[in-house]
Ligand SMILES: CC(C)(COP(=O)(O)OP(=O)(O)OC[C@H]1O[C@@H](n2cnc3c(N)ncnc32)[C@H](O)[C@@H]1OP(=O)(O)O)[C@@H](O)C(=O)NCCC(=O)NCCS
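Heads up, the chain below is alone and in the form predicted alone; it's given as structure tokens.
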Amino acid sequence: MKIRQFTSGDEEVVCRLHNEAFNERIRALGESYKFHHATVEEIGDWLETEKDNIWLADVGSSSVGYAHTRVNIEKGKKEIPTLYIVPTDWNLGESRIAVASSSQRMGVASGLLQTVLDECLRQGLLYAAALSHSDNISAKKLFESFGFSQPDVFMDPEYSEDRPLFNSSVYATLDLTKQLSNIKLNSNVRVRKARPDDINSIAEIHRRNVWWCEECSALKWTTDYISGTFGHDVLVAELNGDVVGVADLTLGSPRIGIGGVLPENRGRGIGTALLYGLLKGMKAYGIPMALADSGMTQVEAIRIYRRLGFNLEKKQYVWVKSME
């Protein structure tokens, strides 16, 4: 077996390997979890930056597996250079490491992963990281065999004292064809659609909650966000006339997003009121299911999902290996 780097002309074989390996996920989870059949044309788009690479495993004259990697510099107190096995979707997907069914149990995935780790060492990177769903037993065995850990929350004091460098996520779903749970909401919290004059408040809420997305606190991005440019229907929560929380649903999709609540106003039922407002809006649109994903650090959000009857059906594991 020979492991080599992607070259122009390999698009078709990578596309074939990807669609075969992820076919069951595409069939069972589909676009709700951002799984879809790749096209030959989009494979080249995977190589977004000079830090992207696709590794191919060749047996004889045939390519039987691939892994897509990217080097990210995580910027905290210090810069943390990390190599990721890139997922199909950062929030909902699994890392792109795939082997043809005819070449399973032949050490192809192990050969690819060893090459990835050798590259980490060659570049002097601090961590290797990958993502998989909690029901992906093959991925679990592979990463464990190479000494990866699977933390719910991974802290590195060189990065931050209070923000995780990596964290696993939970997926929660709710059947919207049924009646919503009858719960008591804080009558002092008013949930309504976002308006243009909410831009500064929403940007500040994102700045203090969505620390991993710098653009989410920019005024231009926020303007596009509430105007529907990205396909969102945005709600805000008011307490005593002040906008203190924001959330959104993606039109035509089961996915919901809680942008956050100002820290000084947490514990007052604001998140619950926002989520309940989103669910009522989704039912009105005729969306049959709600899908939420939350990092394991978002304990309050997960508690709210349980309170409203969501099924916490699986996790997106983060797998981490220190290269030091």
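The structure displayed is predicted, hence computed values, not measured ones. Residues carry their position along the shown sequence, with the first being 1.
This protein has a second form, the form predicted in complex with the named molecule, left out of what is shown; the following refers to that one.
Review point. Would N167 sit within 4.5 Å of the named molecule in the predicted bound form, counting heavy atoms only?
Key: No, N167 stays farther than 4.5 Å from the named molecule in the predicted bound form.
Check your understanding: So in the predicted bound form, does any heavy atom of E94 sit within 4.5 Å of the named molecule?
Key -> Taking the distances in the predicted bound form, the answer for E94 is yes, it comes within 4.5 Å of the named molecule.
Review point. Does S181 make contact with the named molecule in the predicted bound form, using a 4.5 Å heavy atom cut-off?
Key: It does not: once the named molecule is placed as it appears in the predicted bound form, S181 has no heavy atom within 4.5 Å of it.
Check your understanding: Taking 4.5 angstroms as the cut-off for heavy atoms, does K141 touch the named molecule in the predicted bound form?
Key -> Within the cut-off, so yes.
Check your understanding: Which single stretch, out of 152-160, 234-242, 74-82, 125-133, brings residue heavy atoms within 4.5 Å of the named molecule in the predicted bound form?
Key -> It is 125-133 that comes within 4.5 Å of the partner.
Point to revise | Interface residue in the predicted bound form among S253, Q104, Q114, N186, criterion: non-hydrogen atom within 4.5 angstroms of the named molecule | key: Answer to the contact question: Q104.
Point to revise | Residues within 4.5 Å of the named molecule in the predicted bound form, restricted to 107-126 and counted by heavy atom | key: Read in sequence order, the residues that approach the named molecule (within 4.5 Å, in the predicted bound form) are G107, V108, A109, S110.
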